[in-house]
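For reference, the chain that follows is the form predicted on its own, supplied as C-alpha cells.
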C-alpha cells in the first residue's frame, strides 16, 4: 500500500489562507493530504502547538505566513520565524527537523501555495510514516519530543526568543550589541541544557534514579547529568529520595 502522509498546516488568515483559497477557486491541483488550521497570524503559533501535533503521530507540520515585510500585524511573521528556528534547533537534536517547514505565501500566490505544499508532502512521503504513528511507537523519540514540548515553555528559552532582535540588533545604553554568533552560541547551549533537564524530569516522574542510572538511560556523561540535576535541585524540582549504599537516589517533587 502506498504511504499517504498526514500533514497539519497552520495558515495565517490574511495571506497564506487566502492563497489556499485562490488555489482552490483557480482549480490548481495539489495533493489533499494537508488539513488546515487558520490562525490570525503566523506569529500566533506557539511552538508547543508544533510539538503537540508531532506527538500525536502526524507525519509533518507546515507553517505558512505572509512574506517578510507584508505582515498584517507588521512583525508577526518575524516572530514566527524566530520561534520556528528555535523549534528546528530542538528537533535537530533527534534528527526530526525535516518533518516541519516554514514558508511564505501571499494572497495572490495560489500557484505558489500548491507548489510548496506539494513539495513538502513529497518530502514527507519519501521519509515515510512518523515513528510516532501506529501501535508500536518509538518511545524514546516520544519522550524526547515531550521533553522538547516542556522546554519551549521554559522562562529561559522564551526570554531568549523574545529578546533576540533587541539583543542583537539594538544597541543598549552603552552602545553595545551582542554579535549574532555569540547570541547563537548562548542560545544553542540553553536549548541543549533545557532539553537535558526536561528529560531528567520526565525520567524522575515515574521512578527513582541515581546520576549513573540517568546517564545510562539518556546516553550522556554523568558529569553533565549531575550539573543539570544540581540546577533542578536548586529550582526545587527534584530532591533526594534515599541513599542506596553510597549512591544518592533522586525523585521529582
Partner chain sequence: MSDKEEEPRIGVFVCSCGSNIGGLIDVKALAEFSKTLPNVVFTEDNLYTCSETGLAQIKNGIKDHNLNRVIVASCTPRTHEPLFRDCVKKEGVNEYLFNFVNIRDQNTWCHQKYPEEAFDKAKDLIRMGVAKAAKLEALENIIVDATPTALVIGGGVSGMTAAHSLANQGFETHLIERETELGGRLKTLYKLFPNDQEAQILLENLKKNVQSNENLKIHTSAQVKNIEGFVGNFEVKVEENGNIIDLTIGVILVAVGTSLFTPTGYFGYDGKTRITQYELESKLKNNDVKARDIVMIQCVGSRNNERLYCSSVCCMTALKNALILKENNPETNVSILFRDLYTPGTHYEDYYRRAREAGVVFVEYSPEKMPSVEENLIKVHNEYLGEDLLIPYDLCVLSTPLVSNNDNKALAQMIKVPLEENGFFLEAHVKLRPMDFATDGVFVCGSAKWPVDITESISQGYAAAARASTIISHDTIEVEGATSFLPDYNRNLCTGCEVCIKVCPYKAINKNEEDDIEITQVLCKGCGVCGATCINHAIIIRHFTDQQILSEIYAYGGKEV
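What you see is a predicted model; the values in this text were computed from it and never measured. Residue numbers count along the first chain shown, from 1.
This protein has a second form, the form predicted in complex with the partner chain, left out of what is shown; the following refers to that one.
- Among 91, 102, 116, 132, the residue placing a heavy atom within 4.5 Å of the partner chain in the predicted complex is 132.
- Though the partner chain is absent from this view, in the predicted complex it lies within 4.5 Å of a heavy atom of just one residue from 218, 39, 201, 211, which is 39.
- Residues with any non-hydrogen atom within 4.5 angstroms of the partner chain in the predicted complex fall in just one of 181-189, 201-209, 52-60, 222-230: 52-60.
- The closest heavy atom approach of residue 237 to the partner chain in the predicted complex falls outside 4.5 Å.
- Though the partner is left out of this view, residue 123 does not reach within 4.5 Å of the partner chain in the predicted complex, counting heavy atoms only.
- Interface membership of residue 82, defined by any non-hydrogen atom within 4.5 Å of the partner chain in the predicted complex, is ruled out.
- None of the heavy atoms of residue 145 is located within 4.5 Å of the partner chain in the predicted complex.
- Taking a 4.5 Å heavy atom cutoff to the partner chain in the predicted complex, the contacting residues in 62-89 are 69, 70, 72, 73, 74, 76, 79, 83.
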